[in-house]
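Consider the single chain below, provided in C-alpha cells and representing the form predicted on its own.
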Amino acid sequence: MPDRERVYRTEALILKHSDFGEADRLVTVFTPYYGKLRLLAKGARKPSSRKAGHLESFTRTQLLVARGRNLDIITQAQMVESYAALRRDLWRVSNAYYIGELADAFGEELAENRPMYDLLCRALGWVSELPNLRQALRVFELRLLDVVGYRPELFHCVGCKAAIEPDDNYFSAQEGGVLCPRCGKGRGGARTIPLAVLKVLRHMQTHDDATCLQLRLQPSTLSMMEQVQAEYLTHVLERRLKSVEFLHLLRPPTA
C-alpha cells in the first residue's frame, strides 16, 4: 500500500453514505490501494455543493483526500463511472446494495486489495447491464470468497479429503465445503447438494467470468445455489445480511 501523505488521490467505489452533522456527509468507500475508508465530505448536503453528485452510492469516483485528525476529508470528487442503469431500476439497485453490503462486511480498512476493487467494479457493471442478476450475484459471491480467502472446497471432501465422486454429496458451511456421502450422512449442519448444483458451482469456481455469466441454468439450480452460498456467507460473516430480505421482497416473478 502506498504511503498516505497529507493529501492523497485515490479512485474509489462509493459503498454508502449517511448524514453527519448539519451539512456534512460520512461516506464509506472501497479503494484499490487503501481498502475500505470512511471519509468526511464537508458541506456535501448543501444545495450548492459541487461534490454531492459525485458521491452517490454505487458510483466510481476519483477523490482528492486530505488527512484529518479523526476522519480524512474529501476535498475534491470527480465521477468516473455512474452505473446509470442502477438509478432507473429498483431491482437492479437492490442487487447493488447487496454487493455494497458484502463489500462493507468483507472490506478491511487501510488494507490494499486491488483484486477485490476490480471485482466490485465488474459486479456493479453486471447488475447494471445483464438480464440475469441472480446468476450474476452467484458468480460475484464465489469470486469474492476467493479474493478474501474463504474459497469453499468443492473438489475434495472436507472430512476425509477424498476426491468428490459424481453423486449427491453434502455441503457443510461450518466445515467450509463439500462432504462425501460417507462423511456427510447424519453430519450436523450438513445439507444435501445435488450433483447438478455442485457441477455448476465447480464450473463457476474454475472458469472465467464471461463463461460463467453465459451459462443457461434452471431456476431450481439457481435457487439451490443461492441457498448454499447464503448459508456459507452467513457462517463466515457470523450474521445474515440486511439486504437479503429486501432482495427477496423485490425479486420479480420471472427472476
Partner chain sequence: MSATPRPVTRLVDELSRLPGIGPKTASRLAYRLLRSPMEQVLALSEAIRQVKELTVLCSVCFNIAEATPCAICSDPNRDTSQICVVEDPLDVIALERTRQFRGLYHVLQGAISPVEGIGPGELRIAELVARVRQGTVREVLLATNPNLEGEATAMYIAQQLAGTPVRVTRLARGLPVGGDLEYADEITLAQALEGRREM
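Worth saying up front: this structure is predicted, and the values here are computed from it rather than measured. Positions refer to the first chain, counted from 1.
One more form of this protein exists, namely the form predicted in complex with its partner chain; it is left out here, but the text below deals with it.
The contact with its partner chain in the model of the complex, taken as any heavy atom within 4.5 Å, belongs to R87 out of R122, R87, R134, R151.
Contact annotation: of the candidates T31, Q229, T59, T28, the single residue with a non-hydrogen atom within 4.5 angstroms of its partner chain in the model of the complex is T59.
Only one of 219-227, 188-196, 204-212, 49-57 lies within 4.5 Å of its partner chain in the model of the complex by heavy atoms, and it is 49-57. Contact annotation for I73: none of its heavy atoms lies within 4.5 Å of its partner chain in the model of the complex. Although the partner is absent here, E101 is a contact residue: one of its heavy atoms lies within 4.5 angstroms of its partner chain in the model of the complex. Residue contact with its partner chain in the model of the complex: V7 places no heavy atom within 4.5 Å of it. In the model of the complex, its partner chain stays beyond 4.5 Å of every heavy atom belonging to W126. The putative spot formed by A111, M116 and S172 is not touched by its partner chain in the model of the complex; no residue has a non-hydrogen atom within 4.5 angstroms of it. Contacts between stretch 225-243 and its partner chain, counted in the model of the complex as any heavy atom lying within 4.5 Å, involve K242, S243, listed in sequence order.
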